[in-house]
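Let's start with one chain on its own, the form predicted alone, as structure tokens.
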Amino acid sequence: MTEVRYLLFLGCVIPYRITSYEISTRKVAEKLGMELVEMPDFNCCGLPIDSVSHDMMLALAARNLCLAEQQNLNIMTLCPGCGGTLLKVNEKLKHDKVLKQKVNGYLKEIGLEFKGTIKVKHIVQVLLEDVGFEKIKETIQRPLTSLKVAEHEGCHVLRPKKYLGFDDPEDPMVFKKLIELTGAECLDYEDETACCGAPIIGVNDMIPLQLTREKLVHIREVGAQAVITVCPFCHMMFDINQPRIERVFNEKFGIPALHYTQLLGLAMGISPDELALDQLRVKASKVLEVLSLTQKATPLQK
């Protein structure tokens, strides 16, 4: 019997650029007995245009919240930026009657009304509070005890603390514990909580490349065999942009970036192919060798 049921909000980036995150999440959710309900009519969370039009951001986020209210289901996001935006707007509208009235004025034009009846959580918070560590432990069939990894959960999973508050953003422990449930060793490294720089890549791409390079240097120094992410934008910096970082700074890292759901899926006994590890730009072949696993070769890998 399904105990955890959420409306899945994928956002804009995951369906088009990081489908491996969605694929692996669905596989893991099935093992955990989670039911992820489709949200086919969603729009952008609004975050990218907040600095241009705050009211438009509020309206976009509120429309998504209204769609969830119509289905009487809480929202689970995979992107911390989407999760943070929807959560903040949800809480602000619930507690600010004037703002709620203003936004409902916009929504009225499309036949919607915000009522404030649902919650929004990122997948990390769902795994902590709704699934629970014990349930996750029960699904582990192949502990990844030979693997050493580093974590990067990004800025928005725990910030701002005022709205989230389920872990300390300056000394986070929840994500590390989730990683350790897989049997992998989660290594500490310098500047763990530092930003990867992804939010400003459209303004100045060299700063994010430098910031991620510094993180990769520190991750390499402690001997991590992979970096684990829970954010599509952070994942793009560590995975898609890693070859570019290597070219720009004339360095070689070769450190694969796995979604947490891919790491957990491997520990559950799900095959690398089912978890879409073949979609990673920095191939995870060395990780699979350490775990004594194999992956079918795609035309690009042969």
Partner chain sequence: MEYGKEEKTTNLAFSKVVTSRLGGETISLCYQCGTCASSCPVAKITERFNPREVIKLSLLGEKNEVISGDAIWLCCSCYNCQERCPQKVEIADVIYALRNIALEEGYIPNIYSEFASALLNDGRIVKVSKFVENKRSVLGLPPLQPTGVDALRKILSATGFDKLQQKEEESE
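Residue numbers count along the first chain shown, from 1. Everything quoted here is computed from the prediction, not taken from an experiment.
The next section is about a form of this same protein that is not shown, the form predicted together with the partner chain.
- Proximity to the partner chain in the predicted complex holds for none of Val89, Glu129 and Glu192, with the criterion being a heavy atom within 4.5 Å.
- Only one of Val217, Leu187, Ile207, Ile140 lies close to the partner chain in the predicted complex, with a heavy atom inside 4.5 Å, and it is Ile207.
- From the list 115-123, 224-232, 157-165, 175-183, the contact stretch for the partner chain in the predicted complex under a 4.5 Å heavy atom rule is 157-165.
- At the 4.5 Å threshold, heavy atoms of Glu134 stay clear of the partner chain in the predicted complex, well away from it.
- Although the partner is absent here, Pro48 lies within 4.5 Å of the partner chain in the predicted complex, judged by heavy atoms.
- Among heavy atoms of Asp55, some come within 4.5 Å of the partner chain in the predicted complex.
- Within 4.5 Å of some heavy atom of the partner chain in the predicted complex lies at least one heavy atom of Ala59.
- Within 4.5 angstroms of the partner chain in the predicted complex, the stretch 4-27 places a non-hydrogen atom from each of Leu10, Cys12, Val13, Pro15, Tyr16, Arg17, Thr19, Glu22, Ile23, Arg26, taken in sequence order.
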